[in-house]
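Consider the single chain below, provided in structure tokens and representing the form predicted alone.
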């Protein structure tokens, strides 16, 4: 709870600073709508990687899974003429299979998650560039109805010129389901116990392999959902860079939101707030002339490092207090 309050305080401070430094541009409806839309899209994939981090793992392949699904869906629909339901089913199935393969390689062959997902990062983008011929994929002027789930806005009563982006509905649904699963079900407690101590969890009778596989399946499934929503939003996906570095934003949001890279700790609310903070920081870099836009990744790297350092310092202080009693 303290971590959530702390990250929320930082978010409020950054929002106020951005409003002041941008001379109010931040509060313009168009900017707020784009910011909320990006927060919703990145929030979905951040929740996915949060499950993996809670178990003490890591997934570096998220951006490439987004590329694979985001380029593959319009490729199936426009190039090969697949029916929409079958193409969407294929996207879901591929996402699930990727997570299953990751989990099996990590649990059964005892490969390191870093190695498995790093290889996936390279392989999935390479495969995408191969079957698309490295050509830009999109829906063109077709499928406007289905694209509206990512581009539409929900009008608010008594508020003119502003609407809530439709992806927020997906984020709310995913966050509520994930929160209930993590905090109110036995499997969520298993995941947290696994992250705190895999050996202790195993001796307690928990099928740790199954829990690890489940975490990676959830992560890949939400990455696939993110890929579908991202491509429907922008209507153009270049295999060479679509989804590049998205895994960094997702991991940073999860870490800032209270997920310990050692595993065993994390909340869905914290992850969503961490995602909002990351997107507001990106927006600040764009709007405020004080920060050059070309050092965006330096700022993100510093934020991740600061989050990890703060987490370790808090644990160090807590352990010393316990030892002194």
Partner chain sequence: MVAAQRELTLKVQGVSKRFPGVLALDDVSLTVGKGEIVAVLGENGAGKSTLMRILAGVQRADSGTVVMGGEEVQISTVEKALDHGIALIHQELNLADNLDVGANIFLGREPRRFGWLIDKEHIRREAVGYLERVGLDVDPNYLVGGLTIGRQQMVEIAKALSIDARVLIMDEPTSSLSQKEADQLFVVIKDLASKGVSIVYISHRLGEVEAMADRVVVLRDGKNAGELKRDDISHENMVKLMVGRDVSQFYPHEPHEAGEVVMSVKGLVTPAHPSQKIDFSLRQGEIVGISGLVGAGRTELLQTLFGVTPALAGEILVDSEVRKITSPIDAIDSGLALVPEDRKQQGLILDMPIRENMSLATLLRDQNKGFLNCSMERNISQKMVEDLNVKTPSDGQIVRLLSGGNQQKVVLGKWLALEPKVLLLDEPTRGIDIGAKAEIYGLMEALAKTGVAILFVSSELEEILGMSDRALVMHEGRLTGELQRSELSEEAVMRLATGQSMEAA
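Keep in mind it's a predicted model, so treat the numbers as computed, not measured. Positions refer to the first chain, counted from 1.
There is also a form predicted together with its partner chain; it is not shown, and the following applies to it.
Exercise. Counting only non-hydrogen atoms, choose the one of 191-199, 157-165, 101-109, 128-136 that falls within 4.5 Å of its partner chain in the model of the complex.
Key: The contacting stretch is 191-199.
Among the candidate residues 145, 85, 140, 205, which is the single one with a non-hydrogen atom no more than 4.5 Å from its partner chain in the model of the complex? Contact residue from the list: 205.
Identify which of 122, 180, 93, 115 has a heavy atom within 4.5 Å of its partner chain in the model of the complex; exactly one of them does.
The residue in contact is 180.
### Task
Although its partner chain is absent from this view, report whether residue 97 comes within 4.5 Å of it in the model of the complex, heavy atoms only.
Contact check for residue 97: no, nothing within 4.5 Å of its partner chain in the model of the complex.
Taking its partner chain as it sits in the model of the complex, is residue 89 near enough to touch it, meaning that at least one heavy atom pair lies within 4.5 angstroms? So residue 89 does not count as contacting its partner chain.
- Task: Answer for residue 186 alone: is it within 4.5 Å of its partner chain in the model of the complex, judged on heavy atom distances?
- Result: It does: once its partner chain is placed as it appears in the model of the complex, residue 186 has a heavy atom within 4.5 Å of it.
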